[in-house]
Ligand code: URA
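Here's a solo chain for you in structure tokens, the form predicted on its own.
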């Protein structure tokens, strides 16, 4: 059982003060009866809640796919830059949203946003081997042994050893990379070990989930149940 005002805030109905005003104005009904106390407790999964006559489709967790733009930070809040959570439209927004993993500020592509910590942990834990696929454009040509070096695990100058990664050369100056961990600036640093700079980077896939080609830069939508499962099935 949860407080009515807390439930409505979690579903993006409004701020706590907004919700309290709605309740006290008798604009909120539970199973057809007006409720006037914000602290009134209900089971949101078994009750019908309406606000101004419109049903509230209660969802404890949300799972959002976003086509992240360059220049946006993978964080819940930031004092200097726009974040991926800032881009979530009001109809999808929930209290407690956060990005399940990070993309560099100048990196584009697939990022998942949720309020489900267990879901995020399953995706991010290296032991689950959820590969993330990227497309990279480079400032030079890849050497003949690049694929082998990625397969063996790139080692950074500070001694950090990456897990084995998959490298697929697209042409002289671009490649696809798959990694199952998320070290800071990892893809860029891996290519830097080979003497190359990444000019453009985009994440295309997480496990078996591909970025929706119909999502324009900065757009997002909810995942279907099948898409959520595909992340782990197609790893």
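In this text the structure is predicted, and so the values were computed from the model without any measurement. Numbering follows the first chain given and starts at 1.
Another form exists, predicted in complex with this ligand; not displayed. Remarks below refer to it.
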Inset, instruction - Flag this candidate site as yes only if 103, 185 and 201 all have a heavy atom within 4.5 Å of this ligand in the model of the complex; otherwise mark no. - result: yes
Legend entry - Exercise: residue 114 in contact with this ligand in the model of the complex, heavy atom 4.5 Å: no
Inset, instruction - With heavy atoms only and a cut-off of 4.5 Å, decide whether residue 134 touches this ligand in the model of the complex. - result: yes
Legend entry - Interface stretch in the model of the complex with this ligand - options 57 to 65, 37 to 45, 187 to 195, 169 to 177, non-hydrogen atom within 4.5 Å: 187 to 195
Inset, instruction - Could you list the residues in 107 to 127 that come within 4.5 Å of this ligand in the model of the complex, counting only heavy atoms and keeping sequence order? - result: 107
